[in-house]
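As a starting point, one isolated chain is supplied in structure tokens, in the form predicted on its own.
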């Protein structure tokens, strides 16, 4: 039985007068990968950004409904957004390492949140995060060189190490491979498969093949509506809705 990690109830979102999400109801299971698919502008990334309240920064954006993380409403007035973002980490489309050393990229957030002191505790935390992000062997001899000097695929794995260093419950990924070549993409996909043993992963992808390869569940969005949600194998082979089938087979979108 899969435990629900994130539960979204009747979520509506507006940018000014324009309604971008229309009453979304969806539950994300713990320690599984869920792919959000659909054409550009259908609400996938908007939904993803609701989960760590990044939409809070957009003027004129307002939401209604509930998002529960482990049963707690993340939009409740007492919620500390900075704390929330340690529980719900985010990996972006374009790798965005800090303009600091590889070591400091990983150590920065744990230091701010008091998760490790300096010295050997921090060294151990940094090494563990880099190992879990499958990049330790490539960077262990150059920890004090800039993270920005790495290749695109390495930078993205560094960003994943930075995200998992603060031990989040959920990792959001917004098209994490779209700026990468096929070899770097394969490494990230392999990594996602390993990380789901410990983390709940919710990922926006434009690649049907990627969704089919690495997700356990798939949600299909269209024009701000959740059209269909279920086990990935079922969505791709026996979708219930004609719209889903048309999108997956490339008839539209």
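Everything numeric here is computed off the predicted structure, so don't read it as measured data. Residue numbers count along the first chain shown, from 1.
The form predicted together with a small molecule exists for this protein as well; it is not shown, and the discussion that follows is about that form.
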Site test, 42, 46 and 58 vs the small molecule in the predicted complex, non-hydrogen atom cutoff 4.5 Å: yes
Close approach of residue 206 to the small molecule in the predicted complex, 4.5 Å, heavy atom: yes
Any non-hydrogen atom of residue 138 within 4.5 angstroms of the small molecule in the predicted complex: no
Proximity of residue 127 to the small molecule in the predicted complex, heavy atoms at 4.5 Å: no
Distance check, residue 104 to the small molecule in the predicted complex, heavy atom within 4.5 Å: no
Proximity to the small molecule in the predicted complex (heavy atom, within 4.5 Å), stretch among 64-72, 210-218, 186-194, 34-42: 34-42
